[in-house]
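Next up is one chain by itself, shown in C-alpha cells, the form predicted alone.
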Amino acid sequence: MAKAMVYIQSGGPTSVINSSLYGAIMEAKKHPEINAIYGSLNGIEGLLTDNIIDLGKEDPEQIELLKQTPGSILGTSRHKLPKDFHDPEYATILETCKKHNIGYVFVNGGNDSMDTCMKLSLLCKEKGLDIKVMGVPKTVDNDLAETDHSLGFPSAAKYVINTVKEIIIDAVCYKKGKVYIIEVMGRNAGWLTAAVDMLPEGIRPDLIYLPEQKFDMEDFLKRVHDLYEEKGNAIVAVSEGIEFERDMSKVKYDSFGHAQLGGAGADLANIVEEKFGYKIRAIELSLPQRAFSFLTSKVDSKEAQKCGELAVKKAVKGMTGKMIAIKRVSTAPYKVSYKAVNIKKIANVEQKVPAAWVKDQGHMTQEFRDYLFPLIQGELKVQMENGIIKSTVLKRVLVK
C-alpha cells in the first residue's frame, strides 16, 4: 500500500540543504510507493504540532529554485527528543504519522539531527511500525562521522576562503594597519577555519587557530606582536570553538547541551588592544558563511541532491535507520561513491581535523589541501530578478 513521506530539516541551515530536499522530491515522484510528499515545518516540531505542508501542491518553478535557495526552506529546530520512548512526545509523533499515513521519514541534518533520526527509527522498530526512517547528512561544521565530508561544508568553505581573501586585500593596503582577527564558524571542529589555508601567500592569514589545538595565549600574543612590528599588520583566523580564559557566564546552551559559540575573536581583539595598544578590527563572518548562494560549490550542490535521491531510493526498498554517507574513491580525479551507514555510528559523534593535517600555526599540510580542493570546485548559474537572487517561495498548504 502506498504511503506518504515527510521531510524534516534540522539544525543549522546551509547553502545546499534545500538541494537535498529537491533531490528527495524529484526521486519520490518516480515511486508509486509514495503517494504524497510532505514537509514538516520547523524540524521535528512539525510532527509534534501536526504542522505539515503538502509539497506536492507547490509550483514546479519554486521547487526548481530550491537548488539556489540557502537556509532551511521548511524551517528548522534544535529540539531534542527525550530518551524515554514512553514520553508523550513520541505518542504525539506517531499519532501525526498515523493521521497522515506517513510511511517514510527523512531527517536532513548534522550529528544532533542524526540523534533524532536514530530515536525515530528505534521507536518505529520497537513499536513494530512500517515506517522507514533515513538520514541525509548536513553541516557546515564538517564534523559528521562516517562520511568523507558533510553537505554544506564545501560551500561554506568556499565562502570563507573568498571572503577572507577580500578582507586581506583591503587590510594590506595600509603602510601601518591593524591587527585583524577573523572569527569563523565550526563549533568544536576547525574544518572551516582551516579552509583559509587554500589561499596563496600574500593574501592569506598569518596565523590559524583551530579548536583541535591547545590555545597558548602567551605564544599567541608574542606572534601577533612580532608580526605587527615587522610588517605593520597581523591577520589571524580563529575558530569560534577555541578555548581560552574569558567570561563565559552569559553563554546560552541549546537543548543538546551545546554552547552557542561566538565572540572569541572579539575577546581576543580586546586582549591584544589592552596589551599592546594596537588598532584592532575583529570580524565575525557569522551567518553568511552558511547561507550565501553566490558562492555555492557545484560539487556540493550535486552531492546534496544525490544524497536526497538515494535516501528515498533506499527507504522505498525497505531500508531504515541509516544515513547516506559519502565515500571518496579518488581525489585526482575526484570521484565518490555513496553508502548507507548505521545511524548509531553517527549520532552525537564529532569528526575533528586530524592532528597530522596541521603543519604549523599558520599552515595546513598538502594532504588537507588535496582533501578540500575538489570540494570547492564549480559554480551555480544563479537566476536573478531585478538585481536580486531568486529564492523559493512556498505556498505552504497545510495537510489537514
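Keep in mind it's a predicted model, so treat the numbers as computed, not measured. Numbers follow the displayed sequence, beginning with 1.
Below, we turn to the form predicted in complex with another copy of the chain, even though it does not appear here.
- Using a 4.5 Å cutoff between non-hydrogen atoms, Lys175 counts as a contact of another copy of the chain in the model of the complex.
- At the 4.5 Å threshold, heavy atoms of Gln305 stay clear of another copy of the chain in the model of the complex, well away from it.
- When another copy of the chain is considered in the model of the complex, Phe276 lies well away from it, no heavy atom lying within 4.5 Å.
- Although the partner is absent here, Asp170 is a contact residue: one of its heavy atoms lies within 4.5 angstroms of another copy of the chain in the model of the complex.
- A heavy atom within 4.5 Å of another copy of the chain in the model of the complex is found for exactly one of Phe106, Tyr228, Tyr180, Phe220: Tyr180.
- Thr163 is the sole member of Gln213, Asn188, Thr92, Thr163 with a non-hydrogen atom within 4.5 Å of another copy of the chain in the model of the complex.
- Taken together, Ile283, Arg290 and Ser391 are fully in contact with another copy of the chain in the model of the complex: each brings a heavy atom within 4.5 Å.
- The stretch among 31-39, 328-336, 341-349, 44-52 whose residues place heavy atoms within 4.5 Å of another copy of the chain in the model of the complex is 44-52.
- Residue Leu295 is the only member of 295-310 with a non-hydrogen atom no more than 4.5 angstroms from another copy of the chain in the model of the complex.
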